[in-house]
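First comes one chain, alone, set out as structure tokens in the form predicted alone.
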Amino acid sequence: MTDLTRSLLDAAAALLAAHGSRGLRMVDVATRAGVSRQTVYNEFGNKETLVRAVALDKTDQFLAAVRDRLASAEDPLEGLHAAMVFVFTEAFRDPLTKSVFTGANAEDMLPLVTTRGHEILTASATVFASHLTTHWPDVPEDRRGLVAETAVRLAISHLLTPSGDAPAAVVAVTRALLA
């Protein structure tokens, strides 16, 4: 990724957190990044492509950190718990992610994890399926995929409508599905 692309994604992420996609203007991204509006269009083509690029970039960042937490624990369920704690902590610390899941300042961003969330769901489930494959190789592949997708969907549900100890709930459901 070029420095220009990184700068534009960071600028767009900050603006999306504050104004949502409806309030995002390419000229504001350009101004914040210190480039011309045409440069933003040259790099991304249109606002929808820019918003999608920000969502995928943020997802990549999240999933890299999740992979680290999954890999760092000796016990695979402890790794899953550490990953979930990170997800829930970071989701409400990061301004854009918080906006997406709470609707604060950006209620029009919710489809990125719901009706238009297929790419994010698939990428997230792939990370968890890999973890399951490493630690539970005897579980059939189709079942590991179901467990991974269920864990991700449960985490997203708890992010959208928080209740109780969500990381523990994700681990408990995962454990039950693997039994």
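Residue numbers run from 1 along the displayed sequence. Given the structure is predicted, the values throughout are model-derived calculations rather than measurements.
Separately, the form predicted in complex with another copy of the chain exists; it is not shown, and the next lines address it.
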**OP:** Look up in the model of the complex whether D142 has a non-hydrogen atom within 4.5 angstroms of another copy of the chain, and give yes or no.
**Re:** yes
Subject >> Contact of L160 with another copy of the chain in the model of the complex (heavy atom, 4.5 Å) >> reply: yes
Original post:
Heavy atom to heavy atom, is L121 within 4.5 Å of another copy of the chain in the model of the complex?
Top reply: yes
Original post:
At the 4.5 Å heavy atom threshold, is A172 in contact with another copy of the chain in the model of the complex?
Top reply: yes
**OP:** Just one of 112 to 120, 52 to 60, 37 to 45, 23 to 31 has residues with a heavy atom within 4.5 Å of another copy of the chain in the model of the complex, so point it out.
**Re:** 112 to 120
Original post:
Is it the case that A64, D68 and R93 all touch another copy of the chain in the model of the complex, with a non-hydrogen atom of each within 4.5 angstroms?
Top reply: no
Original post:
What residues of 126 to 159, in sequence order, lie within 4.5 Å of another copy of the chain in the model of the complex by heavy atom?
Top reply: D142, R143, L146, E149, T150, R153, L154, S157, H158
Subject >> Sense of the change in Cα distance from D165 to A17 in the model of the complex - at least 3 Å versus the shown form >> reply: closer
Subject >> in the model of the complex, shift in Cα separation for E48 relative to T122, 3 Å or more >> reply: farther
